[in-house]
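Before any questions on how it binds or moves, here is one chain, the form predicted alone, in structure tokens.
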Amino acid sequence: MEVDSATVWTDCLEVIQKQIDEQSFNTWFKPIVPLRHEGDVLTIQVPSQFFYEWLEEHYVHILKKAIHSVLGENARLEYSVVVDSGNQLNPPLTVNYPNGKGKTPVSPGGNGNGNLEDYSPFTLRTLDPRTVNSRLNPSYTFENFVEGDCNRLARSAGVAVAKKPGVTSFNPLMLYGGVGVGKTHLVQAIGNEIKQKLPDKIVLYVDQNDFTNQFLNALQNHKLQDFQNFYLQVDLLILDDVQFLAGREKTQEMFFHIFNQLHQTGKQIIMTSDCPPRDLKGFQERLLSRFKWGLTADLQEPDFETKLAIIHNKMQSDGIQIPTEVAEYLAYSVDTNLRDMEGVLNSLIFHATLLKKEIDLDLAKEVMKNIVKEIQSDVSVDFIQKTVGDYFRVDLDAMKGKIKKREIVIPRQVAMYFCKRYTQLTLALIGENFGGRDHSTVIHALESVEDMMKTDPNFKNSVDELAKKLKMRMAS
């Protein structure tokens, strides 16, 4: 007598339940529906393509053991995958996988070519681009994103993606850089541009922390299908701080499948990270390889001119004119990141408003004392000159003199660089301490040092080593 499919599957579940934890059992096996049992073949229905792939990748050995225990060594499973939930008038559309992983799907209602793309995607609800919360900050735009050598490639790629999301070869677009260099501003500018120019597109910005929490919540509440189908309807997915997915195997697994399906359907993916994909640790290799499919572009610390432009742009947007000497002082004094720079500018505006003072160099120095510890240093110009001179084995008189030999000019410029970085002296006063040079000479020296640090790793190591020596003096 032929045993019905429900009985066979119930017996299989008893075998499976002994081998996995309760949460995994409830998530991945309870939703399965037995459809039919014919001879050695049991057909089960699963709610999505992702569900099928997950079973085949993580539980295939358990499924084989269960079906062989119940129906014998020649038994096999067939999958019926729901790809359209249907409605009252039309039944759900399914795709059958007769032999498990990697086999060609066959659809009772398809055109026979075996491509899943022929069928409507499974959705629990349809997102409306007019009402979905994109989680974007409208103040982040291309117009107020200051371009410089430090970010030109990344910005150009962002503009191209904003014009034709999912169409360019920049998919995915991976932007990386340190803290506060403008990654979030740029990716949200892309999202805002697309929402404005292509209002029918669904745009979603999410950081990895929110993505991970949403996934875990869906896993605990048996709503993985809702979670996945929400993301599969997005036309532009922006995932910020992807590096924090390191070591999160299940979250990476879900993102891998979402990434694949979005990419295959021509949707745009943008990610940010603190390092390039090759340096990411704790990631599956197959996921890292996909990160490299499109374009990877870095954003670096801004140079002096870019900092000046950012300062003027920020102050003008607040309706404030800032003197050139104040802007130069801030551009050289804040050498951490743009986020810190914005904090300094906000504090400066607040103090000027509260104290009813004009923004000048004295006020800027007063504000900086409370923000940047290095400005509070009692390091003198003499000490900086001596430390730099000793390091490069250059006589102090030569450093302050008129000699223009390279072996003298470079240490002189480095000493000027540290005087601007670690003292409260104006450019003019720094010049006075180096043989009466004017402020334009000091500016040239500062720019030269920054340029050499970018192009010469050995020189940069020397400057970093000198900085440590000076900071040790400040800490003592």
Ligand code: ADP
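A quick note: this is a predicted structure, and the numbers were derived from the prediction, not measured. The numbering used is simple: start at 1 and walk along the sequence shown.
Just so you know, the form predicted in complex with this ligand exists too; it's not on screen, but the next bit is about it.
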Based on heavy atom distances of at most 4.5 Å to this ligand in the model of the complex, which listed stretch, 398-406, 178-186, 214-222, 282-290, is the contact stretch?
178-186
Ok, Asn209, Asn260, Asn144, Ser380: which has a heavy atom sitting within 4.5 Å of this ligand in the model of the complex?
Asn144
Could you work out which of Ala162, Ala297, Ala327, Ile310 is the residue within 4.5 angstroms of this ligand in the model of the complex, going by heavy atoms?
Ile310
Please determine whether each residue of Tyr332, Asp451 and Lys454 possesses a non-hydrogen atom within 4.5 angstroms of this ligand in the model of the complex.
no
Is it the case that Gln268, even though its partner is missing from this view, gets within 4.5 Å of this ligand in the model of the complex, heavy atoms only?
no
Using a 4.5 angstroms cut-off on non-hydrogen atoms, would Tyr140 count as touching this ligand in the model of the complex?
yes
Contact label in the model of the complex: Glu305 to this ligand, heavy atom within 4.5 Å:
no
Answer with yes or no whether Leu338 is in contact with this ligand in the model of the complex, where contact means some heavy atom within 4.5 Å.
yes
